[in-house]
Each structure stands twice: as structure tokens, then as C-alpha cells.
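Presented as C-alpha cells, the chain that follows is alone, the form predicted alone.
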Amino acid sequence: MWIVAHYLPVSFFSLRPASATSSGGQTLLVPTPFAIKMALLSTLIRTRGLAEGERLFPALRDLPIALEPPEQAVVIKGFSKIRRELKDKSNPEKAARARLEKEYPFQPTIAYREYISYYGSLRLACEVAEGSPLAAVLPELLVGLNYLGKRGGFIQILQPPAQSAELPAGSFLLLTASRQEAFPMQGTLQVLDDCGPKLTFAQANIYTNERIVLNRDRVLRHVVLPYQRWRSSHSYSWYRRLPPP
């Protein structure tokens, strides 16, 4: 059974790839399965408590997810001024300069950033098996989901989630497919991260010292998105969604 939720993005979206550094990196065009599952887990813990989040985490981790992205996406490119922790604190000259400028223990620098302005709504579909403990909880979580990607990428649900035996018609793309599927040749290839089958709740908890190992606990999926770049310049890239095959 598929549970489908319909959202309207109401602010800029941004989510850097798993391989990006803190000072640069292009944004992904859509939220990754890992980001969506962590947002659902956050909603679950906020609404039902930590113990319930830990109990339902394995079902969330293995949740199949499909996405129908908005009709258009405009990537806005630019540089932002940020503060980064002073790397060489043992250097007395640099530390003294940072203290003089009242920046210590940070130093000012710039970072390349990209933000996406979507045009149109998006649909998120999650497949739950019969008897799954998530079946009764997931509609509530989808209603409570209010951001995707980095915090500040707010979305607004447009109507109560609907249930369907099959994936609804449209431009849905299965983000968690276990095998290669047909894809549009004009599409855009992106690498999206997802939860590995052995990822534990303790590893997903950022307040523990458990490490997440890439390609084991956090796997990478090569996905061709139904987006074609329409126009671009040094300051923006405009993508349009391809029609359903």
C-alpha cells in the first residue's frame, strides 16, 4: 500500500551531496531518501517521544520512497560569508589576530552556496507493507512533516495523505529502487544517499559517538531525475520536469 502526501514548497530548498565539503558544493535538485527518512524520524520523536522513535526506526530505515518533484526548479548560485572554527589555534599570531577582531575561536571566510526555488507542488509516496507498525503512524508523520533538506526548506501539506494500492499516475520516481530502472535520456543524473540496511538508531542519533560508515550504513544511489536543464548562466540554472513516459 502506498501513502501519498501532497506538499507545496514555501521557501528555498538546499541540500548538499554527501561528498561536499563545508565551504562548497552544489545543491541536489531533490531531497534524498536519507534526508526524508531523517525528517520523518525527527517528526516521530517530536510527536511520540524518543522511545517510539527507536522502536519504529528499522521500519523507517527500510521504507521505500517515491517522489514526484515540482514542475520547475531554479538553482540560485552565490557566495555567503560564514564563520569557521579556527584551525590553527596553536598559532599565537593567528589566535591573537582573531581575538583582536573579536572572532576567536572562529575566523571569517566565504563559502559557495546554492538554493533552489521550486515552481509547483511535489508529491511524496511511501510504501508500507500490510501489518507494518508504520501503517497507522505514517499518515500522521506525513502531516507533521514541515521541512525537507536543510532546516529552513519549509513545505506545507496541501491535503490529508491518501492511500493507494498502486503508485499513482504522474512523474513519480522511485528513489529507493534496488535495481536499475528505465530512465529518460534527457534527465539529470544525481547521487542520492539512503540508509543502509544495518544502520542503527544509535548511529542516526547525532547525540551519540556512533559513527556512520559511508557505503555501509549510508549507501549512495545513482538516480536519473526527470529534470532537464533549460537555461543557465553564472548565477542560475533553470530545470524543467520532463513529461511522464
Partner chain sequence: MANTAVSLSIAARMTLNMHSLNNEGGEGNQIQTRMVDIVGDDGLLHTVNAISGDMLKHVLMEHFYRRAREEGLSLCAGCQQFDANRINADSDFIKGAGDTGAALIDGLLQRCAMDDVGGILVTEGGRSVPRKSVCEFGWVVALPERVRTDSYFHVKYALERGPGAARKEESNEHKGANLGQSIFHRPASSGVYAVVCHVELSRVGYNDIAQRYAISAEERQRRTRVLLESLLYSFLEFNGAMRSTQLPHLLALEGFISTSDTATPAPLVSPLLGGSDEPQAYREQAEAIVRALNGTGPQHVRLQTFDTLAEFSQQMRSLIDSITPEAASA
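Every value quoted in this text rests on a predicted model; they were computed, and no experiment measured them. Numbering follows the first chain given and starts at 1.
The protein also exists as the form predicted together with its partner chain; that form is not presented, and the subsequent description refers to it.
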Contact stretch among 193-201, 44-52, 29-37, 216-224 - heavy atom within 4.5 Å of its partner chain in the predicted bound form: 44-52
4.5 Å heavy atom contact, Ile206 to its partner chain in the predicted bound form: yes
Partner contact for Ser19 in the predicted bound form: its partner chain, 4.5 angstroms, heavy atom: no
Gln228: touches its partner chain in the predicted bound form, heavy atom cutoff 4.5 angstroms: no
4.5 Å heavy atom contact, Leu8 to its partner chain in the predicted bound form: yes
Residue (of Gln156, Ser132, Gln163, Thr109) lying close to its partner chain in the predicted bound form, criterion heavy atoms within 4.5 Å: Gln156
Partner contacts for 93-109, taking its partner chain in the predicted bound form and a 4.5 Å heavy atom cut-off: Arg99, Lys102, Glu103, Tyr104, Pro105, Phe106
